[in-house]
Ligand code: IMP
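Taking the form predicted on its own, here's one chain by itself in structure tokens.
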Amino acid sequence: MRTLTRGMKLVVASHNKGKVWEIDQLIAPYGLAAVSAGQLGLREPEETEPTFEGNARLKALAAATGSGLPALADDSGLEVDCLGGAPGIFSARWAGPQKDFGVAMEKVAHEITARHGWTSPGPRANFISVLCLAWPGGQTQTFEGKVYGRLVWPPRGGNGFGYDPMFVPDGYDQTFGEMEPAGKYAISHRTRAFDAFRKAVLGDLSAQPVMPNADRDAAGLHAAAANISTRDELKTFVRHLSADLERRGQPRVDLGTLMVALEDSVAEESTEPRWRTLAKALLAATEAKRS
């Protein structure tokens, strides 16, 4: 079985900034340099396989072949017991072309209601992540992680992204959307898949502390802004943005006033969720002020 070594470059086979950032947080302590498929201008293949494993393999192979580098792909989603495992591999597609997971969560809630599935303490569900490591020669290895829990409605919390605000993991009272990131990542499906990946292909590499870095902080803010779907997520983003400005010793910006002005100026015909458009505009405005 081939292994990765410190200093190797690894392509994260995704154009989703949130997913790329999350995977980068997992691999950075092991000295692996991540570059996204989007940064390399690689096309995203259509996900035509009927399983998470098949789609992860398809994406990883496309990125490895196109880049000449080892590539890591993730295919993940939410599986709801009373919906027969739906949305499953269609989890992202339930969010529609705008990737609006506020819409996707409402669809899940509606489907559960139609099946009389809102029983106490909530319908059973799980998140699943399958990671696939592919090499340019065509070899692949896959690793699976799951976290089980129940769903709540209405959604709660502004952390995370996707279906996080409606998922309560077993043994906890908070949704993934209410948990601080460190708490979520300690038990998440992607972390569990990565743990299997780590044991199989990172050999004797040990994790090293990753020092604070302004570029990494900025990348995290851009990743968060790109995946916002709800007002609560925007509120959380504004808190993190304010904290980032304070860490940098930048002049304070009246974000509340700025948000009102931006909300009035955002075009109704925006092709993405309104809160996401606002987050990107806020980030751009503060970056322009810093420069």
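The structure presented is a predicted model; accordingly, all values stated were derived computationally and were not measured. Residue positions are given as counts along the sequence shown, with the first one as 1.
Same protein, other form: the form predicted in complex with the ligand, not shown, and the subject of what follows.
Participant: Look up in the predicted bound form whether S91 has a non-hydrogen atom within 4.5 angstroms of the ligand, and give yes or no.
Facilitator: S91 belongs to the contact set for the ligand.
Participant: How about F143 - does it come within 4.5 Å of the ligand in the predicted bound form, if we only consider non-hydrogen atoms?
Facilitator: Heavy-atom contact with the ligand at 4.5 Å: absent for F143.
Participant: Counting only non-hydrogen atoms and a 4.5 angstroms cut-off, does D164 reach the ligand in the predicted bound form?
Facilitator: So D164 counts as contacting the ligand.
Participant: Does any heavy atom of K19 come within 4.5 Å of a heavy atom of the ligand in the predicted bound form?
Facilitator: Judged by the heavy-atom cut-off of 4.5 Å, K19 is in contact with the ligand in the predicted bound form.
Participant: Of the residues R150, R198, K184, R192, which one places a heavy atom within 4.5 Å of the ligand in the predicted bound form?
Facilitator: Here the answer is residue option K184.
Participant: Heavy atoms within 4.5 Å of the ligand in the predicted bound form: which stretch among 114-122, 135-143, 201-209, 72-80?
Facilitator: Comparing against the ligand in the predicted bound form, the contact stretch is 72-80.
Participant: Scan 131-158 and write down, in order along the chain, each residue with a heavy atom lying within 4.5 Å of the ligand in the predicted bound form.
Facilitator: Residues within 4.5 Å: none.
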